[in-house]
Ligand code: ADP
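What follows is one chain in structure tokens, specifically the form predicted alone.
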């Protein structure tokens, strides 16, 4: 072995035994000048004062690893060759070292001849990995070429959505890396059970289109059934039920989500280089990439189909849908919402304020992660929409608008009708009551006539109560009651109780009261709030049998005031409870002779809602009923 005269080699190795072995046992006896250091920082300091002909460096070192040292050398002295050593068998590390400019890469442990050949080759200007060399002469060079190809295919799988292009690149890479003549990717037909050619290299196009291979009694089918690769390297032509003869062949399975979906193969028809076991490993890596690409494509296709369905649904629905992210930027507006607000153009990514000029809508769209919210939105043209805002995790929130203009108009007409009729009924009712009084003044009545008059009076009272309730309900629902102030719910509860104590005594029902001290005030109409409590108490007394009990409880919790009215009455059937607050609804187990208009609870619910509160009922047959009202308290 000839030695370059006066060649100076810098050895960078933190392991003292290896450093002495390289310097004293290999390089110095071979005639090289050698200087050794313990780590990268010392190497950098040495290089500032000296110009060696070659650097041999370990990868794992304290303070500055081999790659970092290599990069510094390339910056300072671009032409200085570097041989890197490592005990780490990392393919990515080899590729990274070569890309950073390493002349060669040695895997520890290595023998004397390997190191000396690498040193001589590098010093003579013939590194193991010249960039222009299409097929490296050394085994390490071939390995790097394979790794670079695999990395390139991996990037293709993650970056390219075109499945045909990706699979074609995989097959081309398989042919290139194995020096095969032909390559094919066969997929299993789920319906027919045969294999068909999904991608190919150097096959006739007509052959590819008509190719079908049965799984049974074929080498490719054997790979499907066993899940193990097959290497055919006998060197003599064999017909393998593929309609062509081959000298050597490799089939490896394609696995996706735990199932074998096909086979990746290469073959040589002519006598020449036989395929080897090392080629099987390369093919297996490529097959994994192909399987990932197929799986990604299927997932992408499925997601695109679902997205298309969702877009179609949102486009066709009559409800307006607006989605914004957590920064209040528009994610989506469906066509109905576009028509409602006259939105046009490319608005995705813009802030809601840049797209919409409706202040009330912008209030709805401002991000709020504290649950859903419902309200009504009226436009300048008179249209009214029911608006529901719902948070969407990891996206933002959606606002859905349902046009209720028609229903609002019907409700207005109904309210006007009820109010008109109710007012008009008062005049004849007043006249009836007046004539009943005149009958008594006209002369004495017999027993039958007195009974008739009493029935008329009772009916008039019922109609009067109905008219009064209808008028109250109309005023409450229309929002005419605007005289709200700071109200003491405890005091209003006492007033309501005082007005019903005589009714409770007459009905022989016990009244129990548990009103908390220092109950916070609420903001509302005292008259309507007292009416709400009175209606609940009157209802409870009315449906509680003699000897029963009605309990009124008030308490404060956080920033809310809670009022509960419970009784020991017959209870309400579960099937009736959803309709309990509907107008004119009465439970199915109410006795027919028990008077009532069916409007009391409707009035209660309307009052509660007008005060931004909530009401619900808990009831069991035979165990009684409890109504719970929650109203917001005035803070501070």
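Computed from a prediction, not measured in an experiment: that's the story for all the values here. Positions refer to the first chain, counted from 1.
One more form of this protein should be noted, the form predicted in complex with the named molecule, which is absent from this view; the next part is about it.
Subject >> Contact label in the model of the complex: residue 586 to the named molecule, heavy atom within 4.5 Å >> reply: Heavy-atom contact with the named molecule at 4.5 Å: present for residue 586.
Original post:
Does the 4.5 Å heavy atom contact test between residue 542 and the named molecule in the model of the complex come out positive?
Top reply: Result yes; residue 542 sits at the interface with the named molecule in the model of the complex.
**OP:** Would you please decide whether residue 598 lies within 4.5 angstroms of the named molecule in the model of the complex, comparing each non-hydrogen atom pair?
**Re:** So residue 598 counts as contacting the named molecule.
Original post:
Is residue 572 close to the named molecule in the model of the complex, meaning a heavy atom pair under 4.5 Å apart or at it?
Top reply: Yes, residue 572 is a contact residue.
Original post:
Only one of 623-631, 7-15, 20-28, 608-616 gets a heavy atom within 4.5 Å of the named molecule in the model of the complex; which is it?
Top reply: It is 623-631 that comes within 4.5 Å of the partner.
Original post:
Can you pick the one in 34, 67, 44, 580 that has a heavy atom within 4.5 Å of the named molecule in the model of the complex?
Top reply: That would be 580.
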